[in-house]
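The form predicted on its own is given below as one chain in structure tokens.
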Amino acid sequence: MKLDLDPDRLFPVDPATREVARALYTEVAALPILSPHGHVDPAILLGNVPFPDPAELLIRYDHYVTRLMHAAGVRLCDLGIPDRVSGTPVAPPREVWRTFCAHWHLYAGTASGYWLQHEFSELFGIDQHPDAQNADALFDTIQAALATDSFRPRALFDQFGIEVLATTDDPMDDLAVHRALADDPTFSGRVLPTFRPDAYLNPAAAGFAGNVDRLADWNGTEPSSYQGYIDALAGRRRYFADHGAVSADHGVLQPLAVDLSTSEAASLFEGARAGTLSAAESRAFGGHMLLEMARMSVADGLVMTVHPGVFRNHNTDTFTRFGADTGHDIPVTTTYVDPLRPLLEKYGNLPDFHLVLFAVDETAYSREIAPLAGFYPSVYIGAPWWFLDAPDAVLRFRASVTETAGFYRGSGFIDDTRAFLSIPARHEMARRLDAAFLARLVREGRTDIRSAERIIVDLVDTIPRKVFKL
């Protein structure tokens, strides 16, 4: 079976509307990629060593890919993921690849299938659908390409046209890799750290007390000092900003802001360190710290992004055996209006405070996030994230938020990926879908072509630069 990329993929079926979409896409197809939120390991760019093999590169760390095979009955250890409990040997890379190719049909119609098809065709020149018969030949084709200098991480970074790539980093990371990349005269890209403090703010997080101790040790204060804890977090944020960070990211189950007095917060902090808080007290302290992070963003200028609504590690056995980010994070209903009101009451009207709200519950976009962004100068609509960064969901997103908030209250596209090779495929998809949506508005007489030409460039370039202070 031929694997052909339709040059008009994702454009409307109607010929006249498709022609408009094609022209709009041409305006942005070659613009640089701005990736202000993602999870690529910056060490791959510093070391610039060849990727080891197709299975390690395209399957092992991509939970979009592994989860569907797991659902079909494939063991995770047969996909190269170590079992930390049983010690069952992992399958060798070629066997992992064969398993994937035999299950390629599972990805038809999925976002991950679209991205992989783009990668196979555009990067490796593969013109066949993977299957059990051609698995070894495809493995060898990709392996041969990975052995060339043009497929080293830095060469691909340039080939992809990436101008800015943000990573996600522990607050106590020394950021030596980022510093080395910034000081390297042979590397011209911007690789920015992102402050991700979840495990330092949530008393229910594993290792919370130890993380508090690390902060105190760095700051030279007593671990029992609430004010020292607050000062240390502010200090680490400054350290990140000094190393190029433009944002602080917060992954919470629910976006809750709680306004506590200093004495109330200090009392809960003491219980959090001791591990004696009730579930309600733990939520209150976490909510207070989300409000504190907003206060700090007002002070230091870091963009505040909130990624809520995910039940992490839903299957205990899988988490115990294989660890986090192995495909069993599940979306839950998300609400913003009431829980976030204390934060917006304090800071929502400050135009220099940038708050980007995401959701995996797509009903939240039209019901809550777009109306909030349509009033508060600080609030921006986060692009479709995770399960929603897929063609139909992106178009639903555009339809659900544009009539309320327009195009200019959004964040720009966010790829949010660990899969380095999928970055251009994801951004290309978003640009094509924006062109398709705008083309429909033009054909329906709801906007004119000149406005659409400006909007599509702004969606790709101007808006993310503004929202993320690039």
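Bear in mind the structure is a predicted one, so any value in this text is a computation, not a measurement. Counting begins at 1, following the sequence as shown.
What comes next is about the form predicted together with another copy of the chain, which is not displayed.
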Is there a heavy atom of Y25 lying 4.5 Å or less from a heavy atom of another copy of the chain in the model of the complex?
-> no
Mark R431 yes when one of its heavy atoms lies within 4.5 Å of a heavy atom of another copy of the chain in the model of the complex, and no otherwise.
-> no
A155 within 4.5 Å of another copy of the chain in the model of the complex, heavy atoms = no
Contact flag, N48 vs another copy of the chain in the model of the complex, heavy atom cut 4.5 Å = no
Of the listed stretches (276 to 284, 222 to 230, 90 to 98, 344 to 352), which one has a non-hydrogen atom within 4.5 Å of another copy of the chain in the model of the complex?
-> 344 to 352
Three-residue site Q159, G189 and T194 fully in contact with another copy of the chain in the model of the complex at 4.5 Å by heavy atom = no
With another copy of the chain left out of view, choose which of A405, I59, A425, I33 has a non-hydrogen atom within 4.5 angstroms of it in the model of the complex.
-> A405
Note: exactly one of F387, F151, F208, F124 sits with a heavy atom within 4.5 Å of another copy of the chain in the model of the complex, namely F387
Could you list the residues in 365 to 404 that come within 4.5 Å of another copy of the chain in the model of the complex, counting only heavy atoms and keeping sequence order?
-> S366, R367, E368, P371, L372, A373, G374, F375, Y376, P377, F387, L388, A390, P391, D392, A393, R396, A399, S400, T402, E403, T404
